[in-house]
Ligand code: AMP
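Okay, so here's just one chain, in structure tokens, the form predicted on its own.
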Amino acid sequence: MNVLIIGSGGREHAIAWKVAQSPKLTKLFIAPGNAGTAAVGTNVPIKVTDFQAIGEFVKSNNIDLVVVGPEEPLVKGIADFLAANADTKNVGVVGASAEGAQLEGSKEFAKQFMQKHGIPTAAYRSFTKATVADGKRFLETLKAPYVLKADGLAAGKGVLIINDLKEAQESLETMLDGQFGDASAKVVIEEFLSGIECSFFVLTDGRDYVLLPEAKDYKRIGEHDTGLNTGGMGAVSPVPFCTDEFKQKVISRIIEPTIRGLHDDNIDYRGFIFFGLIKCGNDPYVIEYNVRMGDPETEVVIPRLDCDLLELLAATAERRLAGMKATMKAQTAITVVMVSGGYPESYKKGFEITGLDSVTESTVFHAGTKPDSGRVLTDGGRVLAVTSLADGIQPALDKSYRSIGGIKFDGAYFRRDIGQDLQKL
């Protein structure tokens, strides 16, 4: 089977790394990929939103399966584009239709979907610039902290949680004035839910689904969850507080109603669903949907799979997931993300990374790197995700931190407390 994975981050490297292990694989391509994906497949210099070039590549390289990593091409309709093209309509695609991708592309769409199908989530209302005064009055009816979300895609940065009412009202105005560009032309204000967060993941063909390992990620740049939000500084799987009882609630109250809702609404959905959840007491609520795997959660979910990922992906595209399951390793997976100095604000690129060959007890997934004449250079804010498996959180952590000790690049930074809060539970 010839496979094309679209994307260039740690998520795509982890998926490519696992797909490369499948006996069903013939050729693996990644567009555009990074220095890590180049070691397991062939990188192709095509942008993730250049649908025409992707379609031509799929045709000329006899691609059997396209796996879409990031959300932007999904929201912009890559699955629909390939399905509508005579040369690519019979190619399998793991990725939601543009309509299905609105679960992530529009916070309002997601909220309406959950309300319609009885899926537990926070109370909300949405506002535009024309109704900003109504939004300010709505904030007055809520208790602090106040949650403001840009309706559209904002690269993971469109959510504000504010403790002061006046500041929240001013922030609403700023968002609607274009703080996050078109993404915040509409803002969803929702009730704040207090609890501890985790993420569940499924592959679905629109009728059936396969449950993947759950994970917990760490968003803040500083230790003990301080400082600015990032795309993710680390992740852990499994999650100790996700008991069997809690998982059954997630499945019966959230996952299965979501799959049924997509089917009942005639939404073509063949791909990943990421359920961003919060555990309030012992009950799950949906904070958000994502229509792709999380990053860096993928870097702990995929290594725990003890089955052929390519087989599951092909079954997803071909709508034959019924009866299939993902077998998982019992071990704990931890990933610690190494980032560029200055991230998530301004940072420099192009520093050489050394010591990668010295890593023996972890798997290093590349997030923001590029190959350069035999060298590996930094090419993003989040640079590497160093993942380890062991029998327990602390042994896995120890492996990742030992591995990080041998990796060097100018300005490298990482959190030293990933997973430590879970050991106290």
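Numbering starts at 1 and follows the sequence shown. This is a predicted model, so every value here is computed, not measured.
Unshown form predicted together with adenosine monophosphate; subsequent notes refer to it.
Enquirer: Which one of Val147, Ile259, Leu312, Ala185 is close to adenosine monophosphate in the predicted complex, taking close to mean a heavy atom within 4.5 Å?
Expert: Here the answer is residue option Val147.
Enquirer: Report the residue, out of Leu193, Ile162, Ala83, Ala326, that has at least one non-hydrogen atom within 4.5 angstroms of adenosine monophosphate in the predicted complex.
Expert: Only one option qualifies, and that one is Leu193.
Enquirer: Any idea which of 193 to 201, 332 to 340, 206 to 214, 236 to 244 reaches within 4.5 Å of adenosine monophosphate in the predicted complex, heavy atoms considered?
Expert: Looking at the other structure, the answer is 193 to 201.
Enquirer: Taking 4.5 angstroms as the cut-off for heavy atoms, does Cys307 touch adenosine monophosphate in the predicted complex?
Expert: Although adenosine monophosphate is absent here, Cys307 would stay clear of it in the predicted complex, with no heavy atoms inside 4.5 Å.
Enquirer: Going by a heavy atom distance of 4.5 Å, is Glu288 a contact of adenosine monophosphate in the predicted complex?
Expert: Taking the distances in the predicted complex, the answer for Glu288 is yes, it comes within 4.5 Å of adenosine monophosphate.
Enquirer: Mark Val132 yes when one of its heavy atoms lies within 4.5 Å of a heavy atom of adenosine monophosphate in the predicted complex, and no otherwise.
Expert: Close contact is absent here: in the predicted complex, Val132 is far from adenosine monophosphate, nothing within 4.5 Å, heavy atoms only.
Enquirer: Given that the partner is absent here, does Lys219 sit within 4.5 Å of adenosine monophosphate in the predicted complex, heavy atoms only?
Expert: Output for Lys219 is yes: heavy atoms within 4.5 Å of adenosine monophosphate.
Enquirer: Pick out the residues of 86 to 125 whose heavy atoms come within 4.5 Å of adenosine monophosphate in the predicted complex.
Expert: Those in contact are Lys107, Ala122.
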